[in-house]
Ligand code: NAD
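Just one chain is shown here, as C-alpha cells, and it is the form predicted on its own.
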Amino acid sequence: MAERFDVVVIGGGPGGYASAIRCAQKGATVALVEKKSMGGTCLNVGCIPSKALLASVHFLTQAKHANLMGLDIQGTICPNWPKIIARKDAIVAGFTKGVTGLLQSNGIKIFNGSGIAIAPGKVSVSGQDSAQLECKTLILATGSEPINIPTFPFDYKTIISSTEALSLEQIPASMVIIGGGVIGCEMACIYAAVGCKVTLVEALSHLLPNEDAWVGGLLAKEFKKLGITSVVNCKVTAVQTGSDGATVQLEDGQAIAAEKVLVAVGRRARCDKETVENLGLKMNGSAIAVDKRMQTSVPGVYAVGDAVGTTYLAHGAFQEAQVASDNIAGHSKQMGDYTLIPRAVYSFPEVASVGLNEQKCAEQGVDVIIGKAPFRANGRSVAHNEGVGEIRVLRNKTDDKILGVTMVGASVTELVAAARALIGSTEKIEDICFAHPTVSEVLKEAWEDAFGLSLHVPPSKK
C-alpha cells in the first residue's frame, strides 16, 4: 500500500532539502527521497569540500608569507595531504549529518533510495527504503553532473572530474585543468598551493568568461604568482593517456604533459529519463523547463535547483525552493531577476559580483559611470597583506540607479550580500558611516566614486 504525503521531494541537495523544510514549515506532510548522500552536490562534492580544501591551502600560503608580517617560522612549512583530505571529509560528514537531523526535526520522512515518478502524484522508491509514495505535489530537485567531453571522456583515473579532484589520494606532480570558470579557477588554486604544476586552459578570451575581462586578466596575473600557467583563447583538441599520465594537445600546437587532466567545463542538469518520460515533462535540453513560479509543464509538479539549469548555485536553489514552497502553500510568488543572485568564486584572490557587469551593460546599450576603489588604498587590507584587487560599482548615467557591483580581492564573497543591497538604489552613500578600518570601506569608496564623491580615490582624469 502506498504511503501518502502532501509533498514528495526527489533529491536531497540544497534545492530539495530546502523545499522539504519550507513545505513542512507551512504545515504540509513531506517525504524526501535521496539515492546517495544528503546535501547533494554542494555538500558532498562541491561547495563545502572545495571550501574546506581552499581554507587549508590558504592557511598554507599565508604561513609561507609569514616573513612579510614580521614573523620567523622555524622549519619547513609543507602540506600534509592525507590530513587535509581527512579534515575535509570530517567537515562534509558533520554537515551531512546535520542536514539529516534538520529534516527529521521538521517531521520530514526520509527515504534512502532512487525515486522515479511513475505518474503525477506517484513515486516509486527502490533501494534501501523501497516504497510506493503518493502525493498532492511533487518537487523534482535531481541536481546536476559534470559535463563529459565525448572526444576525451572521463576515465576517472587520469582524466577526472571535480568529484575525483576533491579526493585524490596524493598530490599530483602536474595537472592540466580544462576550463577557466569557477571550478577550474578554484581547483587551480588548491593544487598550485600544495606544489602541483598547474596549467589552466580556457577556450574563451579570459578566465571567468562570465565576468568582465579585467577580472580574468587580474586573476591570470595573480595566478602566475602562485605558479599557475593560464592559457586563454585556446581550445583543447585531444587528450592522450598512458601509463604515466596524459598529453594534452592544444589547437595552437602546444602539447602539455600532465599526471592528471581535470575537465572542469561546467555542469549539466540531470533528471532520470524515466521520470521525464512518465510525466511527459517539457525540457530545455537536459534541464527541466519551469515557469517563474518554478512549476513544470505538468500541473502539481515543480522543479528547483540544478535540475532546472538556472544558476547552478546552492543559494540560487534555496531561493527557488522558497518560491516553489510558497506557491504550493497557496501563495503567489515568482522568481525575480536572476542577475540579482550573487556570484562568488573562492579563488586567490576571491571574485564576487551581483547585478549587471560592464559587458552586459554594453550589450544592452546602457551607458554607465564606473566607480572604482582599490584594496591597496584600504588600511586593513594592507595591514593584512591583502592589497590585491578592486571593487567596481556601475551607475546608470540616465537615472543614477546602481546596476551592478563586481569585486576582486580577499574576502569579497563576504561583501557581496551588502553589494546586493545597492542594486537599484540611487542613494549617495556619503551619509552612511562605515567602521574604520574595515575591508568593507572599499565598497563604500567604489560606491562614492560612482557618484564622484570618494574621499580616498583620486578624481578620474577627464
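Computed from a predicted structure; not experimentally measured. Don't overthink the numbering: it's just position in the shown sequence, from 1.
In what follows, reference is made to the form predicted in complex with the ligand, a form of this protein that is not presented.
Original post:
For the spot marked by 192, 223 and 390, is every residue within 4.5 Å of the ligand in the model of the complex through some heavy atom?
Top reply: Per the other structure, none of 192, 223 and 390 touch the ligand.
**OP:** Identify, from the list 369, 361, 344, 110, the residue with a heavy atom within 4.5 Å of the ligand in the model of the complex.
**Re:** That would be 344.
Original post:
Though the ligand is not shown, can you say which of 311, 322, 241, 297 has a heavy atom within 4.5 Å of it in the model of the complex?
Top reply: Exactly one residue meets the criterion: 311.
Original post:
Among 325 to 333, 230 to 238, 130 to 138, 285 to 293, which stretch has residues with heavy atoms no more than 4.5 Å from the ligand in the model of the complex?
Top reply: Heavy atoms within 4.5 Å of the ligand in the model of the complex occur in 230 to 238.
Original post:
With a 4.5 Å heavy atom cut-off, would you call residue 245 a contact of the ligand in the model of the complex?
Top reply: No, no contact at 4.5 Å.
Original post:
Should residue 180 be classed as touching the ligand in the model of the complex when contacts are defined as heavy atoms within 4.5 Å?
Top reply: Answer yes; at least one heavy atom of residue 180 falls within 4.5 Å of the ligand in the model of the complex.
Subject >> Partner contact for residue 271 in the model of the complex: the ligand, 4.5 angstroms, heavy atom >> reply: Because no heavy atom of residue 271 falls inside 4.5 Å of the ligand in the model of the complex, the answer is no.
Subject >> Contact of residue 143 with the ligand in the model of the complex (heavy atom, 4.5 Å) >> reply: No.
Original post:
Taking heavy atoms and a 4.5 Å limit, what residues of 48 to 73 are near the ligand in the model of the complex?
Top reply: Read in sequence order, the lone residue that approaches the ligand (within 4.5 Å, in the model of the complex) is 51.
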